[in-house]
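Here you get one chain, nothing else, as structure tokens; it is the form predicted alone.
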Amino acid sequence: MSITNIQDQLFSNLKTYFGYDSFRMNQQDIVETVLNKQDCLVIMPTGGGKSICFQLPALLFKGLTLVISPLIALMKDQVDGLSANGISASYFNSSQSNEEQSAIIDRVLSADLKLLYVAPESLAGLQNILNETYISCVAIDEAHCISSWGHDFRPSYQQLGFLKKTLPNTPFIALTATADKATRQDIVKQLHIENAQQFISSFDRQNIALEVRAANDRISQIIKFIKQRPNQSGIIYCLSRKTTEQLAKKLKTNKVSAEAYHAGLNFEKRSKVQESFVYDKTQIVCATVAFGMGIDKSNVRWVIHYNMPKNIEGYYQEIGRGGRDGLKAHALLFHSYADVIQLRNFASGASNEEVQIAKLDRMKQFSEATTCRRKILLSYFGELLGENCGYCDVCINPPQVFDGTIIAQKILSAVYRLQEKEAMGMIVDVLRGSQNAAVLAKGYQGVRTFGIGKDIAWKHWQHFIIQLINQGYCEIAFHKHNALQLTAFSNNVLFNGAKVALTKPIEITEIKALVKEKKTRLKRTKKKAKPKIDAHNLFERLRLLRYKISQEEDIPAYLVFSDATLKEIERERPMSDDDFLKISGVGQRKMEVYGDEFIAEIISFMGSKLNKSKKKDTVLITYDLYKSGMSIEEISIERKLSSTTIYSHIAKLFSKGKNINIFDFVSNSDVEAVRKAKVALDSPTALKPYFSYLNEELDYFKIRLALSVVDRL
């Protein structure tokens, strides 16, 4: 197949199975690299579309794409999403019986599966298929788990190094949302994919607003925050199990739909809470960090950190669970010194205590920052933002700054002359001309920057260095004993005349005065009216329809359509299948299964705005054309609706007692098969259970037609 044909097939599959007309940043290059059987390391933020990077190539590979995933919940969520898109996928893990596992292996042997998800611990059960006869690609999701430098290290991931040796000619794709330089190096080394092409997408989730507040009267602040955002799903992260339960209880007392989630609950309770949240039955989950990695819910509109996270990687991953659909989301972090002390105690005695403490310090610096928070977040992952973002809390309420260029030049010069080998403390000692043993032992009293900053206090130098780190002018190499190193921005300051704005250190007495002033100002501010939700707007009607369908099909609402897709449907108001297919997130299968109901909802909503022919029930228009003697295909062309939608109308008309020759469209054997399925399944209202029960051999439209007959018997 030529390159042009492959690209045509990629774009066709992208729309048919995933509902998108174009790729996001790096996706196409990654997909084509995988199809060329080259290894890849993909660093892409949560919600950036990592899954498509291996799911789309899987459709073109002859054999199976094996996906390593850390959590059963994450596997199930991914498989449900793929199944909803009409892609054959399954998972293999310890929760399944021997019979279920054997059936899955049989499907692999018969080439009946495109993707199979498995946990590292369960790989031993797949030994018979771990060869290049069956495996065409290996994807390792949440790849940061393999590295002790990463924020979520899992020893079970370190056994994965054998896979490349077993499958040397198979392309590997390692994916994660959060990995600094040290972690990235560790991933490719341990997986034996040192020559992997690295794709690092922008970490800038511009749809997420960043805000940090002092942890004063947190509960009242949180309740007010939630009341201003009715019907929005959110997650509140807490450090302790006890806090999650206390907070959930207080929210319920204030008539907020909330549940607690932590590792101390039994499996059944945790699963129930998670499912209730994913299915939009519970609005808010108060959770420890045990919650979230397995959640692919796209319509989380905000994330609150009741306590400060232990590192920036964890913070970034957790806030990334908001706004996965690309719509606006809010990340609110509460900061207190009590949290810092508690997290230091947690890190004490750990095998990588030094790294944990250093990363905690960076998290603390982010929380206390007086410079653009987005700039700090991006620079941590090696992405430099030239201008302030303009919409984080610091940018919206900027502090007073002064020209700190000379101070910055002195700091960066000291970093350079110490050969980028020393941590912050030594840099300050050299700048201040300290005569301590560590300085003298290394001969640093002889460097040109020694003592050029005697006039500035030690803690003030520390304050200025942290600002330079936060602004991306230098960075901490955690894997090199926290040494300060220069960045691409450094030369601009040292040699090209770039100016650096810094803020002056604020003393405790000044902080108290500022807090008092702010409280006084807040008391004078009039309370804002609570936003009202129009229960009759189209988005709300579409959202309720989506919820109804999700309940019938027993799948999360966002797997029907994301909030972003609903917003586009609301904006574009498609009233034909062709127009509905143009909506981002609507693929061929979803149009066939859900399009009719959504189009009918739009037409119903439009009411008097539509012309006379459209005011008439869309199903009755089909009936008039049927009575005139037109075939299904002719009606489809006339109405610019798919034949699947017309068949759906025929089923509804027959159910309503209209004179329809139903057996022109469905056979007696199909009706009998559906009748038996209905009895066996205890009369489900959704079509998906029938489709699965009948081994996916009967199309959805025929199931609808057959049910219309069964229901009239």
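Small disclaimer: the values here were computed from a predicted structure and weren't measured. When you see a residue number, it is the position in the sequence shown, counting from 1.
FYI, the form predicted in complex with a small molecule isn't displayed, but the following is about it.
Listed residues R324, R546, H144, K359 were compared with the small molecule in the model of the complex; R324 is the one with a heavy atom within 4.5 Å. Interface residue among A677, V666, L64, I52, judged by heavy atoms within 4.5 Å of the small molecule in the model of the complex: I52. The small molecule is not shown here, but in the model of the complex it comes within 4.5 Å of a heavy atom of Q27. Though the partner is left out of this view, Y700 does not reach within 4.5 Å of the small molecule in the model of the complex, counting heavy atoms only. For the chain shown alone, S692 is not a contact residue for the small molecule in the model of the complex, no non-hydrogen atom being within 4.5 angstroms. Proximity of T46 to the small molecule in the model of the complex: non-hydrogen atoms within 4.5 Å are present. The stretch that touches the small molecule in the model of the complex, counting heavy atoms within 4.5 Å, is 38-46, out of 683-691, 649-657, 38-46, 668-676.
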